[in-house]
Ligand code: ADP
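So this first bit is one chain, no partners, the form predicted on its own, shown in structure tokens.
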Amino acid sequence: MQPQIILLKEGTEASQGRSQIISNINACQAIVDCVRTTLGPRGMDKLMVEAQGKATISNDGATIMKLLDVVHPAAKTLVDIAKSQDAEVGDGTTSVVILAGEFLKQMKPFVEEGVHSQIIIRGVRKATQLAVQFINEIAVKPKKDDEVELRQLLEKCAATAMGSKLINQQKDFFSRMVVDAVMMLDELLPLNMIGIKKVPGGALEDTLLVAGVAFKKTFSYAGFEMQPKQYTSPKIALLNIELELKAERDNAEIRLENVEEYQKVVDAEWTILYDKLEKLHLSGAKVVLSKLPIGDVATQYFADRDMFCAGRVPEEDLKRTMKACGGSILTTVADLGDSVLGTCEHFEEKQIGGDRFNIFTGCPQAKTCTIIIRGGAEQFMEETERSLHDAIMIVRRAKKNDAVVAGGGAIEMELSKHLRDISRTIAGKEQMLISAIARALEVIPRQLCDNAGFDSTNILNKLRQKHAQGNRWMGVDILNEDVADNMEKCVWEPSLVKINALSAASEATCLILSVDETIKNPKSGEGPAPQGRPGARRPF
């Protein structure tokens, strides 16, 4: 009798082998079922309620995946690819999850039949490589030098990205706004130079684009009403200084002999404050913004000298103002010169809805803009912000890589046909695997039909026939329950979205298929699992 060798701490769960891979695939299927119905223009929305009761309504794949509290380790990879797609391209987050789920679903029979994981992985990688190569070959590249054509291309891409969102009724209005916003940026197209602010009330069409920096009026003291609210070409001082008298620190102790000494301490404090204010006034600055509070004395002082001030400006707004108007954020007023002051063509404070906004336009330095979203409910405005984020990302990508493909399931059907044709020329197991990936790609048009309540089998048969006849860009026509040439219908997506989605989905598939054992450690610090009495029956 050999003694039993105990290798892992008691309470450790280990599961391995084929059943483990199948269990991981099943977990991923459950995740896919959560977001499956959100795909496309007729997709449904999800209402997620957090523990504190905060509700979020969204049909953005990445947002839903972030809010799902996924425990299963293998299913977390799908959450990660949705996040990476969101960060990299901005749109196609639902597609990437559905594709990964379908790849796994098609590979499940091979795993069950005992095909080795590495062979399956090799097949998936080869199929992905062929697909990406093919997308690059057939993507349409419009002329970049023609301003009008480029603008139309970007507007079409933005409208397609917003077609599946809550704001699809106003997509023409918003796609023009998003393209205007991206066109205002410089060559690098930095995302943080587009500010998005939300103001409750009004209609969605009241949303406006400010060609400059806009932020909500900050907390202000008495005397604020007397300050001018409009300037032309003002100098702007950006500070990180408190302009108010502060209470002493706790336990600060000053020993005074008489009243005159006390008066000197008080005078010194006031002198320091007035000294700062005078330097600001003499510098010629007309607008003073500070990250820290500006007190009532300072507010009154500035008002008497026809200067405008705002304290407690959020850091990101202050940084955007600095990048747009020039100048730098100062921590001392000792050396205030024109070199450290910003400027803009026009500054005004304006009422928008229930809030007042400080708006700087005609900024000389950087290209920046602010979108002020109007709308009814809080959740609605948040979803509008997420939709605009997706559209802005898409327009940025389309501007950098200008190749586009037709959306609406057209490119997936064409890839499916291409892979099926190639698979027949390959001998060996890869033939089956590439053919299975080709079948998996049809999930996108099928899901688009299912979400719109169409007969998916019928439409897919039509699509297969059209693609076999060489109609490359035929896809699902959501409006007429039929098939249509989506390139002509202007349902366009940057090819990068599809390439990224395919690569991420296949990486996730390969990762999940290559895991054949999961070991769960009991929490460290907890003692061993309680033992029953010898001979006593343990409850099962």
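The first residue of the shown sequence is 1; numbering continues from there. Note that the structure is a prediction, hence the values are computed from the model and not measured.
Omitted here: the form predicted in complex with this ligand. The next part is about that form.
Q) Which pick from C28, M474, I478, I512 sits with a heavy atom within 4.5 Å of this ligand in the predicted complex? A) Contact with this ligand in the predicted complex is made by I478 alone.
Q: Check each of L39, V483, M65, A505 and return the one that places a heavy atom within 4.5 angstroms of this ligand in the predicted complex.
A: Exactly one residue meets the criterion: L39.
Q) Taking the shortest heavy atom distance, is V89 within 4.5 Å of this ligand in the predicted complex? A) No, V89 is distant from the partner.
Q | T321 within 4.5 Å of this ligand in the predicted complex, heavy atoms | A | Contact with this ligand, no.
Q: Please check if I444 has a heavy atom lying within 4.5 Å of any heavy atom of this ligand in the predicted complex.
A: Yes, I444 lies within 4.5 Å of this ligand in the predicted complex.
Q) Any of the heavy atoms of V491 lying within 4.5 Å of this ligand in the predicted complex? A) Yes, contact at 4.5 Å.
(Q) Heavy atoms within 4.5 Å of this ligand in the predicted complex: which stretch in 70-78, 231-239, 444-452, 339-347 meets that? (A) Single hit among the candidates: 444-452.
Q: Could you run down 80-111 and flag each residue that has a heavy atom within 4.5 Å of this ligand in the predicted complex?
A: In sequence order, D91, G92, T93, T94, S95 come within 4.5 Å of the partner.
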